[in-house]
Structure formats: structure tokens, C-alpha cells
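Just the one chain here, the form predicted on its own, laid out as C-alpha cells.
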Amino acid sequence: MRVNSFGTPAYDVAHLLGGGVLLMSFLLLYQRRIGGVINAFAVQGALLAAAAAWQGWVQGAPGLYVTAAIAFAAKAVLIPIALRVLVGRLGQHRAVETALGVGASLLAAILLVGLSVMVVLPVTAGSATPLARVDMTIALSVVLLGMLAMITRRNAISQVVGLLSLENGLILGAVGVVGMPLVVELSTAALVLVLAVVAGVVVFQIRERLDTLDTSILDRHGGEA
């Protein structure tokens, strides 16, 4: 295992890559067009793959290279392509309606990052390396921002992207834990991907029955057969 204390290249690069993943979570909240949301998710997937590969080198864990390859293929290439095809088929090339404005969404995101710092750093004090503590803080922030994207977006496709971004946070946290079995990481990823597939089916059903992907309209159809 490489040295991962403050000020070392291992720490700095891992921090930079994790910070990039978190930055893309902010960009997902900032974007107001479907295409921009998908592009930001694709970049986040590429950064996640790079972070997993770097952790594989830092920890001396070759299994993380497998995680990195799967993350890049799925998150940076295949899923964004599938989402773009879905958007094209549904004709959803327009702005995404949100429950909160840009300013309010970003403010809420900053508060959630602060909450992550307050929760993770005291709990892991003295029981984890500086690199692992920062990784867990960033990972929890990405998870919370993914949840925020799901809550504040009214478009079903952007809500699916929020779910997948949440999964990116889970994977980022898993690869940052030394000795985490590969099967646990892949099982976590597979579970959320299954949920995303189910969400995709729901998207088609909403479009077919209501002729829109604005999930806020479901409130007006509650209880209808």
C-alpha cells in the first residue's frame, strides 16, 4: 500500500478525483437541459472510474481495476448512450422543470456537504487514514446530492440520473475502504442498476399513459385506475 497521508501524491490525486466526482454532482443540480444532465453524468462516471483505478494502485488492490473498468464502460459510455437514445425516442430535448430554483438547489447542496463533513469526520477520527476520511466525506456528499437531484427534479429521466449519481457515491465510498471485497462493490452497483432499469420501465409507462415525463402530474392522477 502506498503512503496516503496529507501532502503526498496519493492523497492529492485521490482528493482531486473525488472532488471532481462531487463537482459533477453540483453540475447535475445546476444543469437545466436533459442533454447537459446526461453529459455531466457521463463525466462523473469517467472520474469515478479514474478514482477507482487510482485507489487500486494506492491500496495495491488489483480487483479495483475491474471496478474501474466496469464503471467506465457502464457509467461513462453505455448508460449515457442509452439515456440519449431514450431522450431521442421520447422527444424530451428541452429544459428540465425543477421544484427549486438554481440558487436554492445549490444552497441546499452546500448545506448537505457541510452535513457530510459534520457527520463523517468526527465519527472516523482516529480510526481511519486521512485519505479514507476525506473519501468517505466526499462519497456521502455525492449520495446526498444524488438524493437531492431526485427530489428536486420533476422530469423522470433526470430523476433516474439522480439515482445513478447516488450509486456513484456508494461506489466511491466502497473503493475508498481498504480491504472492501470486490463482490460487495459489484453487488451494490448491480442492485442500483437494477433499480435504474425498473425506473426506466416506469418512465416508459408514464410517457405512454400520461403523454409527459413531468412526475408532478402524478399528484393529479393519484388513485385513478
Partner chain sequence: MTALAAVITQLLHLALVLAAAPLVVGGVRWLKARMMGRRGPHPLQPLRDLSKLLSKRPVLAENASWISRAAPYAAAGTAVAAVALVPSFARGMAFAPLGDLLLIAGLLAAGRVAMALAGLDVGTAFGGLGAAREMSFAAFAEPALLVAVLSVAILAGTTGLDAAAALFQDGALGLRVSLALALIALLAVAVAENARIPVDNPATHLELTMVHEAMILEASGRHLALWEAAAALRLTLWLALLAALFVPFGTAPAGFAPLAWAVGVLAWVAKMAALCLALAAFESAIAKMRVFRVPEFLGVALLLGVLGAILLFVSTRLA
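It should be emphasised that the depicted structure is a prediction, and the values quoted were computed from it without experimental measurement. Residue numbers count along the first chain shown, from 1.
Not on display, but discussed next: the form predicted in complex with its partner chain.
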item	value
Listed range touching its partner chain, judged in the predicted complex by heavy atoms within 4.5 Å, from 56 to 64, 23 to 31, 158 to 166, 39 to 47	23 to 31
V134 within 4.5 Å of its partner chain in the predicted complex, heavy atoms	yes
Its partner chain contact in the predicted complex: L107, any heavy atom under 4.5 Å	yes
Partner proximity in the predicted complex: L121 to its partner chain, non-hydrogen atom cutoff 4.5 Å	yes
4.5 Å heavy atom contact, V102 and its partner chain in the predicted complex	yes
